[in-house]
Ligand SMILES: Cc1cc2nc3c(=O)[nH]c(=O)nc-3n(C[C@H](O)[C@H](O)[C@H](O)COP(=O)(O)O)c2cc1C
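Only one chain is given next, in structure tokens, and it is the form predicted on its own.
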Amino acid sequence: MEITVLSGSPKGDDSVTLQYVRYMKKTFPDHVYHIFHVARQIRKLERDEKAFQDIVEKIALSDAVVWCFPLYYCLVCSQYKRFIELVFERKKGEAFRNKYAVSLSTSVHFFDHTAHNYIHGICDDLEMKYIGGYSAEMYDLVRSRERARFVQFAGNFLKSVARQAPAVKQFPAVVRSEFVHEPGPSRQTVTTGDKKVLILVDEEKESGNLGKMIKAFRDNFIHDVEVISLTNIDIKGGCLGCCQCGIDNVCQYQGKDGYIDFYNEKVKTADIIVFAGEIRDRYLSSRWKQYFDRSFFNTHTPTLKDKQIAFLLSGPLAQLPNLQEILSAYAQFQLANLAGIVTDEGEDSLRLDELLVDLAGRVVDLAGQGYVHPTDFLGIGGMKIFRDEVWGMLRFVFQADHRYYKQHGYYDFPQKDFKTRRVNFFMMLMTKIPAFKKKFLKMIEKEMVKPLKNVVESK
């Protein structure tokens, strides 16, 4: 059996994820493995169509494909994303059709599911037979129980390919609209006051729905609003995953390109940030992914805290719940407020203009209030994952995170709440007494709501 491994790490041979593939190769040596470092070599693959075609041809001759990648900001890294874009741009989908596929990732399990959902959706778009995903914690391979689990997964994958098992297509094809937005006259009714509004776009185009949406949105403001295109920022490349920034937030690119100064001087100083982009495959563009990945020089600390953020998107967002979750999560782990998302899906220019008018007024109003929506599972669960990892095994790597978390009270572990621990200990002993337990169960409903009622009644 021939297996093509598409390695999605900028680190190439030194990729943590790739070690799992190597272990699979040694465990199941009766197969031929072709490993291509498509993320590391993305610039070459963009320039050299023959090198790209060689990979495509090997995929066409293979029985299965392993999508192998580390997690970068809820997805794959921008370099891997760019490879996927090239597959569609150069119309090479035929080579992938009916090939068996799995996705393999390593991470601390922070939104690993959204990355696997994305790859699964891409496999469905390419009409591959997706067998499943395996999300490993970075060092699972050194643990005997997890190593055995991974061998089972790999073995079951190979068995599925050998017996030509059927596969279920989970993600429906994305249907794109031909709607052309025709904006109405500008209104210029919103004043920003002392709030700075920044619109970021991956590629500024006046034509097309996105360009028209940006203009219509800007025209709602009395004063000019700054628009910056990422194409005009000096960005030498994507995040390299080197973790050099972990100690003191100094990136390997420091002084080598303009991204860090741009982020510090423009993004961090804005009160309202509007991200504008077109949906590409099942995400935004790889240029947008590069922007998000490169912001990791701030490591796992929120740099947009208390800011208002919004999205102007051209494309079928309603058909992509996975992307919706990623956008919401981004706002939450930045401790920012997601003021709104406007897309061109409604196919009604008048309605779209009304949504843009409302969004312009709303972001300024919310900024004035200093309102930030409470976090839900996405924000709270994600924060606790990083809190525990930085407190524990990753502290020496991410020392900057540790200092920030310590200073801002992130280490609020429940075991430090000694009062609650004493109450729990006493109550657990008391409920072992049948008479008290019976009385307690009758009282519990009223006692649970009592503190809240007291607040309401004191209003």
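The numbering used is simple: start at 1 and walk along the sequence shown. All of these numbers come straight from a predicted model, not from anything done at the bench.
One more form of this protein, predicted together with the ligand, exists but is not displayed; see below.
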Inset, instruction - Check each of I247, V151, V108, V267 and return the one that places a heavy atom within 4.5 angstroms of the ligand in the predicted bound form. - result: V108
Legend entry - Contact residue in the predicted bound form, chosen from L198, L71, V87, L126 - any heavy atom within 4.5 Å of the ligand: L71
Inset, instruction - Using heavy atoms only and a 4.5 Å cut-off, decide whether all three of D219, T343 and L355 touch the ligand in the predicted bound form. - result: no
Legend entry - Contact label in the predicted bound form: G379 to the ligand, heavy atom within 4.5 Å: no
Inset, instruction - Find out whether any non-hydrogen atom of A276 is located within 4.5 angstroms of the ligand in the predicted bound form, and reply yes or no. - result: no
Inset, instruction - Give a yes or no for G315: in the predicted bound form, does one of its heavy atoms lie within 4.5 Å of a heavy atom belonging to the ligand? - result: no
Inset, instruction - Mark M138 yes when one of its heavy atoms lies within 4.5 Å of a heavy atom of the ligand in the predicted bound form, and no otherwise. - result: yes
Inset, instruction - Look at the stretches 186-194, 210-218, 152-160, 290-298 and give the one with heavy atoms within 4.5 Å of the ligand in the predicted bound form. - result: 290-298
Legend entry - Stretch 227-241: residues contacting the ligand in the predicted bound form, 4.5 Å heavy atom cut-off: C239, G241
